[in-house]
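Here you get one chain, nothing else, as structure tokens; it is the form predicted on its own.
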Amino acid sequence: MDFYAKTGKLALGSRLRRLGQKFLEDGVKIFQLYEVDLDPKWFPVFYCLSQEETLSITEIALKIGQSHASVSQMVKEMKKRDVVTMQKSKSDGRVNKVSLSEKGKAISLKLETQLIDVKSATEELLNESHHSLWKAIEDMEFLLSKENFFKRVLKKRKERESKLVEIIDYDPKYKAVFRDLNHEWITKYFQLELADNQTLDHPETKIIQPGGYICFASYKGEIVGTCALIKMDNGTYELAKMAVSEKARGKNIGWLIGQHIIEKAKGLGAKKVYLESNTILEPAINLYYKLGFKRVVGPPSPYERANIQMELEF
């Protein structure tokens, strides 16, 4: 059975690479047919230089949508074959300007006839197809420019692994885990403070008994995250002691805990949820914004590390 028939959409990238390889192989023969001394993979760079007198490698890379390193390598290969010349920019000595050499300009003239026939054959091929491949490629490039394929796969992984996460309420048997999870992240970036020790050593008397709440995230039966709601006054609860184990990062656990804790606060009759954090914890701050929190100026914090305060009003 054909590999691509068996794997289907799983091998999209590989199939496109195979298709591209077929065009490249025929491209070599076509250049030989028209006696054009050019490597087909250089064509995007060569064409740009044939349309403009001189360009920097950065400018070429932007025009053809390839990396600077890739274009730089092609230019080096073309220079070895005397197809292009390079010289330092007069305005900026750090920038190399690339131009077609005399040989390159001669190739450009010979290439004009080849391109007439290639364009005609391409249009005929596209017309014979039952689907608009050109439009499909445009759509694909546009969609991937908005969200690349890596991010799309990462999102699906998070969605799948999120289904394995269970949010559970506080149980005295998890007291040590509550402390350990918070100890892990606090000591990585800061130092434990007096307010930390009071809360982490006595979660029941400092959080739960005054009307607060603690939850945990269980992933495949292991506690990997936690968060608390501390009752303040005037219908306000503080979101505090949110922690996710390093080994469980990237599984959407912070988002799941955050959503759960906000719904719990609503159930407790909260008018708003308040939190304190530090801006060096960029992923956490981004999560809070995503959950709907906004930056505010609140009362003085008992924590030396806190340099940002945020609220979410219901």
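Superpose the two forms; the largest set of C-alphas matching within 1.5 Å is the rigid core. Counting begins at 1, following the sequence as shown. What you see is a predicted model; the values in this text were computed from it and never measured.
One more form of this protein should be noted, the form predicted together with the DNA, which is absent from this view; the next part is about it.
The DNA in the predicted complex is approached by residue 67, whose closest heavy atom lies within 4.5 angstroms of it. Looking at residue 93, you'd find a heavy atom of it within 4.5 angstroms of the DNA in the predicted complex. Not displayed here, the DNA is approached by residue 17 to within 4.5 Å at the level of heavy atoms in the predicted complex. The DNA is not shown here, and in the predicted complex it never comes within 4.5 Å of any heavy atom of residue 259.
Checked against the DNA in the predicted complex, the candidates 57, 48, 36, 248 yield a single residue with a heavy atom inside 4.5 Å, and that residue is 57. Of the residues given (72, 85, 114, 122), 72 alone sits with a heavy atom within 4.5 Å of the DNA in the predicted complex.
Heavy atoms within 4.5 Å of the DNA in the predicted complex are found in exactly one of 285 to 293, 57 to 65, 268 to 276, 250 to 258, that being 57 to 65. The Cα shift for residue 290 between the shown form and the other one, taken after rigid core superposition, is smaller than 2 angstroms.
For residue 171, the Cα coordinates differ by under 2 angstroms between the shown form and the other one after the core has been superposed.
Once the rigid core is used as the reference frame, the Cα position of residue 210 differs between the shown form and the other one by less than 2 Å.
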